[in-house]
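Take a look at this single chain in structure tokens; it is the form predicted alone.
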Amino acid sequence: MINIAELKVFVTAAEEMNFSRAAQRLHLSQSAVSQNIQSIERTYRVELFVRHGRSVQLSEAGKSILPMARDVLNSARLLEDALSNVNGEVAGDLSIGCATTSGRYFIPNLLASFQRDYPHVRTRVSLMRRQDVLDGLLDQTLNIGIIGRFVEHRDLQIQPLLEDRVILIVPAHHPWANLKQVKPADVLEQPFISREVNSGTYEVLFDNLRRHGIDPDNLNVVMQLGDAEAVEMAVEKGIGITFISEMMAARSLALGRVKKVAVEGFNVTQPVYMVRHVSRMFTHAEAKLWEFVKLHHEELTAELLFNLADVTLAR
């Protein structure tokens, strides 16, 4: 009889293509992962992975049984869910992949509220690129995804999670700090701090700049950073100006470290979405979270913005 625990190790190792990363995900030692894989291989006289030093690849046998192994684990997950919830108590595990800065700020607020109603649900959130979130949903290694761009795919269901504003911020002592408004073309004259071009915020921003006749390639980019927090910090230090998520900037604005400046004709919003696989058999926890977001996402967004701005002088 196949061992479910060993099967889970195999699937995780196949997803990571690295025994060390699989061990981290499973909270096991690397040797325990290797021993579990070897146990299956010895029992069934099959090679699941081809080893090349420290790297591994799925063998042909491993590739052929991986979809079936996932089906078995999914059935076991649904059985466990049914047993856990037989008395009406919602329990179980949720795996969420998040690809947006706004989502990273929103998720703790969302899960804190959700777990007040469903305290026995355990959640693991992973930060990753948007394509990795979509891939994880499609191969059903993720339960839920959070992304910053609308996608159309026959196998994915999407619903609004929150709507964040994209604002212009400048250093606290910048000449624009006390201006009510600037023109879009004025931005071209200022040193600009940019994120990588595949950022969801910047995709939305660049679309709006082009609608105002401004080529984003003409921005005076003095620094490009891969992380929104680093971009915001660079503005605090006086290096330049930037467009950023209002949710991301709320605390620094409240502390007076940066200033928000209106841009004539700009009203840029960035929707953030929750996504799931349409054909997945949903556990009680997954279904409850999806419904919870549908009912409460607007009030949770307002609550989060209030909390981010509620900074005391003592802090």
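As the structure is a prediction and not an experimental result, all values here were calculated from the model. One rule holds for the numbers: they count along the sequence shown, beginning at 1. Just so we're on the same page, rigid core means the largest C-alpha set that superposes within 1.5 Å between forms.
Not pictured, yet referred to below: the form predicted in complex with another copy of the chain.
- Of the heavy atoms in residue 40, some are within 4.5 Å of another copy of the chain in the model of the complex.
- In the model of the complex, residue 237 stays away from another copy of the chain, with no heavy atom inside 4.5 Å.
- Looking at residue 80, you'd find a heavy atom of it within 4.5 angstroms of another copy of the chain in the model of the complex.
- At a distance threshold of 4.5 angstroms between non-hydrogen atoms, residue 221 is out of contact with another copy of the chain in the model of the complex.
- Partner contacts here mean any heavy atom within 4.5 Å of another copy of the chain in the model of the complex, and among 57 to 65, 250 to 258, 268 to 276, 285 to 293 they occur only in 57 to 65.
- The listed set 159, 75, 131, 178 contains one residue whose heavy atoms approach another copy of the chain in the model of the complex to within 4.5 Å, identified as 75.
- Residue 46 is the only one of 50, 262, 46, 281 with a heavy atom lying within 4.5 Å of another copy of the chain in the model of the complex.
- Comparing the forms between the shown form and the other one on their rigid core, the Cα displacement of residue 149 stays under 2 Å.
- Core-superposed comparison between the shown form and the other one: the CA of residue 77 exceeds or equals a 2 Å shift.
- Relative to this conformation, an increase of 3 Å or more in the Cα-Cα distance between residue 97 and residue 68 is found in the model of the complex.
- Legend note: Cα of residue 26 to Cα of residue 141 is at least 3 Å closer in the model of the complex than in the depicted form.
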